[in-house]
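The chain below stands alone and is given in structure tokens; this is the form predicted on its own.
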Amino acid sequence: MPTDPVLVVHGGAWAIPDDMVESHLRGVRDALAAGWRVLKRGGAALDAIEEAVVIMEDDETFDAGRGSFLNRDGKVQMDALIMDGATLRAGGVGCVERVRNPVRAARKILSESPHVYFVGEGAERFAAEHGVELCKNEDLVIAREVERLREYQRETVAQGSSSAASSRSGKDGNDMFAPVISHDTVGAVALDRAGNVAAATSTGGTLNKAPGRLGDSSLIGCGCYADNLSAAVSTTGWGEPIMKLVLAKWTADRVSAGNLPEWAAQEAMNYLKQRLNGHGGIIALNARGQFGIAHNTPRMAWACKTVKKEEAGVERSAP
């Protein structure tokens, strides 16, 4: 029996300002439409999430692809992972600077390499050798992010030093990780007619990050995971706590143990907050088409579609 397809996407979890709500909603809806076109014609979940994430990488609203946050040196460095729940094959890239759509490169690794992960120049070389056109890093940098970095670094200097600011705040890290700072990592999970799930996550990382820093998004089991026997999961938010808890796999394991994705997603956010005072958002979907959407930030951009209904928002924590 064919399975009814389901698609869920997210576009970041933080205190999205009122004047940015509409651009976030438009972005996740556009991504949903692109992915659904694949599922509607009987295409694979992997293809659907790749197309959905590409739309958000190309949308300057989000911290992925063009328009990503700049690192401390003023460059875009991006990470992405895509995973197939049927085979557990995955492809990831880290710290790429010349790939317009990192999820495309990640998909090539999944499909055409015995390896799971490539970083930096090696990832770019693999992408180019497998038909992914490279671009200049400057092509990914936009004026909004140049100004955002300049302002952040100016404020850091005014505080004395980033380390002094960290000690005054009493937190592990500095205010670049505050919920009011944009965390617009994007992701998607899908179930196709064949009953397979898949997940993808893509990001430009955190503002003013040290060159070479990796977050959770492209690390298997941390920011992204998919297994037909449990769930497809994608996260967004403050990467370091999510990594420490291997949160995507933690959530999938809760589903495997018999919990609904709705419950597992909310519990993941509670666990993130209680254990490490972390913040973010998560989407989870099992092979029965049940899904969960949760966040512990003021807002999260999301959209979902089944054969019966389509929804999008920035406020809801669970279906």
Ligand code: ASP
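Numbering starts at 1 and follows the sequence shown. Keep in mind it's a predicted model, so treat the numbers as computed, not measured.
FYI, the form predicted in complex with this ligand isn't displayed, but the following is about it.
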Consider the chain as shown here, without its partner, and state which of R89, K244, R213, R193 has a heavy atom within 4.5 Å of this ligand in the predicted complex.
R213
Test of understanding: in the predicted complex, would G85 fall inside 4.5 Å of this ligand by heavy atoms?
no
Does T206 make contact with this ligand in the predicted complex, using a 4.5 Å heavy atom cut-off?
yes
Is there any non-hydrogen atom of T236 lying within 4.5 Å of this ligand in the predicted complex?
yes
I'd like to know whether D63 contacts this ligand in the predicted complex, with contact meaning heavy atoms within 4.5 angstroms.
yes
Partner absent here, but in the predicted complex, which of 236 to 244, 104 to 112, 90 to 98, 142 to 150 has residues with a heavy atom within 4.5 Å of this ligand?
236 to 244
